[in-house]
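This document starts with one chain, in the form predicted alone, laid out as structure tokens.
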């Protein structure tokens, strides 16, 4: 593929950029929602959600809060443990995602309420839930401490709080070049305007908010096959074009090397010589 043709193709990849902060105003909202569905099917996500369910031990009649609930599929799976007398409340900044969540909730046995809200300023009173969770939400906030403090505030004494999130500093790309891998690793260690590497700090955030840690775990998502001519990004991931822009922004990649960077990854993927890894973390605590 020629340089000019490649650049033209890259211009159409903005729909696969990394970002969920303005879904309702994004013309590519359908692509973002599809990416969320893909992320929910990651092996790492499935393992962490199964672990979370075992740790939360939800009981019939309890109330569960999911902050940053997105499409609601994770919370609705947990709601099966709440029985007919329980209640699920989901909060998200995106009304468009909540419309999908309400549709997904059609068959729920318990009471379900999905509402637009701010993770850093919840409307619910103190101690009003038996359990609360946030999954892949804190990484989009400039101040995750406020959101965790709010989660703990609205949980009763003895209630449980679960946090699951990604640490993008663990993201690695192997194209058979150690220097290339180091470039990506070093670049993603820098957080810009959001807590992108919050995953490994989850236990600290819970402790600072007054919770007693119960359990921690982690799971790594691995991509070993991906055809860049069929999709601009691996399932649920961002485009390499977007990654290049982030590395340029933090000064780890020269703007003149952007095309080289992206094409190197794509060419390796076409030869099936590209693999990527990303680690997600989980922690569950109780409010004393």
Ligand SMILES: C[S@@+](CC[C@H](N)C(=O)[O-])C[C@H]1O[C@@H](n2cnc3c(N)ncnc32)[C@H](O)[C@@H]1O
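Numbering follows the first chain given and starts at 1. Please read all numbers here as calculations on a predicted model, not as lab measurements.
Omitted here: the form predicted in complex with this ligand. The next part is about that form.
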*Tell me, yes or no, whether residue 203 is in contact with this ligand in the predicted complex, where a contact means a heavy atom of each within 4.5 Å.*
no
_With a cut-off of 4.5 Å between heavy atoms, is residue 100 one of the residues that contacts this ligand in the predicted complex?_
no
_I'd like to know if residue 137 sits close to this ligand in the predicted complex, meaning any non-hydrogen atom pair within 4.5 angstroms._
yes
*Does at least one non-hydrogen atom of residue 141 fall within 4.5 angstroms of this ligand in the predicted complex?*
yes
_One residue of 243, 233, 69, 48 in contact with this ligand, assessed in the predicted complex (non-hydrogen atom, 4.5 angstroms)_ = 69
*Single option in 44, 58, 248, 36 placed near this ligand in the predicted complex, where near means a heavy atom within 4.5 Å*: 36
*Quick one: find which of 181-189, 153-161, 87-95, 102-110 has residues within 4.5 Å of this ligand in the predicted complex by heavy atom distance.*
87-95
*Select from 119-133 the residues with a non-hydrogen atom within 4.5 Å of this ligand in the predicted complex and write them out in sequence order.*
119, 120
